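Given next, in structure tokens, is a single chain: the form predicted alone.
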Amino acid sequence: MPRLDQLLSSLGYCSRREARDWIEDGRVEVAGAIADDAGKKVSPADVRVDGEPLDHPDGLLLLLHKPLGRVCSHELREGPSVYDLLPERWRRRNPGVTSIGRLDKDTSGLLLLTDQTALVHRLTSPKHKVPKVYRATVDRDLSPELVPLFASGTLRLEDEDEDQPCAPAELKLLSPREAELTLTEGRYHQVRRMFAATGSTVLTLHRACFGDLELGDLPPGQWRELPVNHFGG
């Protein structure tokens, strides 16, 4: 079990030093009694702050509808971030909240955020092969011949350092210049580069699905919370 001050700090409430002040002020309870020892080992389920249970003590997993113009970065110099959309306390958690994979500034859609490091590694591992569905519009008509090409597992990306071609991907042509692409890998800017390798430039890009998850009617910039065990243990 964690120390009380360590627990409050890791969940973004305050620093460990500030936790001692909160305890002296009577703001923290453990098992129904006012806490009096910042170093006491506690069960998160027993702790209350200002009378309220702890905020997501078992971890965060969020499904965010990423809007255009936001980056998946904590670097301020890179511009407005998806993390700025979250409550301040969540942004102070340790381990920090990060994205499971990334969507670039000019891509919208489904993005998962979590503070569970092991989950990030598992879902971004090439071995896991989580299907991700993208909808793209391009600058020229798409040939039906692209469907078997994308499915063949032979398409190579331009300026690709790796020797391996792209894994087989499912391409559905929705209109002459609009398509839906399902991938099970996640190379850098892969969707844009796959279309570029066949002579098209992606004009708009939106991720609609990640595994069994969909955005539904979730507005851009909003999120919904998921159980941290949604993808299993």
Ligand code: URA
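Values in this document were obtained by computation on a predicted structure and should not be read as measured data. For every residue, the number given is its place in the sequence shown, counted from 1.
Although it is not shown, the form predicted in complex with the ligand is what the next lines describe.
No residue of the trio 8, 55 and 90 has any heavy atom within 4.5 Å of the ligand in the model of the complex.
Interface residue among 184, 204, 198, 190, judged by heavy atoms within 4.5 Å of the ligand in the model of the complex: 190. Residues within 4.5 angstroms of the ligand in the model of the complex, judged by any non-hydrogen atom, belong to 190-198 and to none of the other stretches in 24-32, 171-179, 190-198, 46-54. Contact between residue 103 and the ligand in the model of the complex is found at the 4.5 Å heavy atom cutoff. Contact check for residue 107: a heavy atom falls within 4.5 Å of the ligand in the model of the complex.
The closest heavy atom approach of residue 83 to the ligand in the model of the complex falls outside 4.5 Å.
Heavy atoms of residue 150 never reach within 4.5 Å of the ligand in the model of the complex, leaving it off the interface.
With contact defined as any non-hydrogen atom lying within 4.5 angstroms of the ligand in the model of the complex, 134 is the only contacting residue in 121-137.
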